[in-house]
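Shown below, as structure tokens, is a lone chain in the form predicted alone; questions about how it binds or moves come after it.
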Amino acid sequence: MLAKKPMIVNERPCIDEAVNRLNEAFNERRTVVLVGNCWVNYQGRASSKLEPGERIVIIKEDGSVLVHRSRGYEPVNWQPPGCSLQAYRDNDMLVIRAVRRSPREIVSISFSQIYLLSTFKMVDEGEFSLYASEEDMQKAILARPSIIEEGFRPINYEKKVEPGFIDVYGIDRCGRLVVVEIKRRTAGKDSVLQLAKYIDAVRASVNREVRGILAAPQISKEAKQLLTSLGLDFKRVDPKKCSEILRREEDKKILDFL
């Protein structure tokens, strides 16, 4: 028995060849990338028609279908996983029909010209981990101020000062004002200088001691030296931990609601 080719590429295939290649790919649950001039008809909970144009069609092994224009990241037409797929010839056109059973929706893609047809088997077992953005880190600090230090109490966020906006503004256990600058990645010298500018702006408007804390997962050696020379502090804050805090807070809200 011959091993199945991991990738099959056809440039400008004829319609019959494309039909055979596509139906073979659908049966074997292969991923398909098709480039050409096409138009799309949709029938289901509503109806729509996409006029002819050169587009990229991606059909994944789970039966999902995406029609992309040459610009933008979102598909202009799509069908979710689990579709029944069929390719056939209609006069001088290649037609791909994707049917979703419940609710019943049908997407028909008609190609007048096929520039490229590629089918392949993909292996993807990597775990996907999405950790917090800087905004998420800010929310986590506001929800649990002890991330910064025990006794820290936020009183404002996105506070406007002359150089920009302070991420988190608060008071420590000794009553000193605290300016917190958040960075999602390794903090460099620019982050330290940015924090120093915010502190100078605050000091110019208040008559009390002001501290500065740079919150980030890591800090460069040069930035650490500059931070120390300016009398500022660094707090290691892990975006993954922030993400977990937000998830627990959301779970708590759901339980409280129930």
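Start at 1 and count along the sequence shown; that's the residue number. The structure displayed is predicted, hence computed values, not measured ones.
The same protein also has a form predicted in complex with the DNA, omitted here; what follows describes it.
Chemist: Please tell me which of Arg185, Arg89, Arg153, Arg176 lies within 4.5 Å of the DNA in the model of the complex, judged by heavy atoms.
Modeler: Flagged contact: Arg185.
Chemist: Have a look at Gln113, Ser133, Ser146, Ser84 for me and say which one sits with a heavy atom within 4.5 Å of the DNA in the model of the complex.
Modeler: Looking at Gln113, Ser133, Ser146, Ser84 one by one, just Ser133 meets the 4.5 Å heavy-atom criterion.
Chemist: Do heavy atoms from each of Pro6, Arg12 and Asn37 fall within 4.5 Å of the DNA in the model of the complex?
Modeler: The answer is no: none of the three residues contacts the partner (heavy atom, 4.5 Å cut-off).
Chemist: Within 4.5 Å, heavy atoms only: does Gly126 come near the DNA in the model of the complex?
Modeler: Judged by the heavy-atom cut-off of 4.5 Å, Gly126 is well away from the DNA in the model of the complex.
Chemist: Does Ser48 reach the DNA in the model of the complex, with heavy atoms at most 4.5 Å apart?
Modeler: Because a heavy atom of Ser48 falls inside 4.5 Å of the DNA in the model of the complex, the answer is yes.
Chemist: Residue-level question: is Phe120 within 4.5 Å of the DNA in the model of the complex, judged on heavy atoms?
Modeler: No, no contact at 4.5 Å.
Chemist: Are any of the heavy atoms in Glu209 no more than 4.5 Å from a heavy atom of the DNA in the model of the complex?
Modeler: Result no; Glu209 lies far from the DNA in the model of the complex.
Chemist: Picking from 73-81, 168-176, 89-97, 138-146, which part of the chain touches the DNA in the model of the complex when contact means heavy atoms within 4.5 Å?
Modeler: Among the listed stretches, the partner-contacting one is 73-81.
Chemist: Though the partner is not shown here, which residues of 209-234 have a heavy atom within 4.5 Å of the DNA in the model of the complex?
Modeler: Residues within 4.5 Å: Ser220, Lys221, Glu222.
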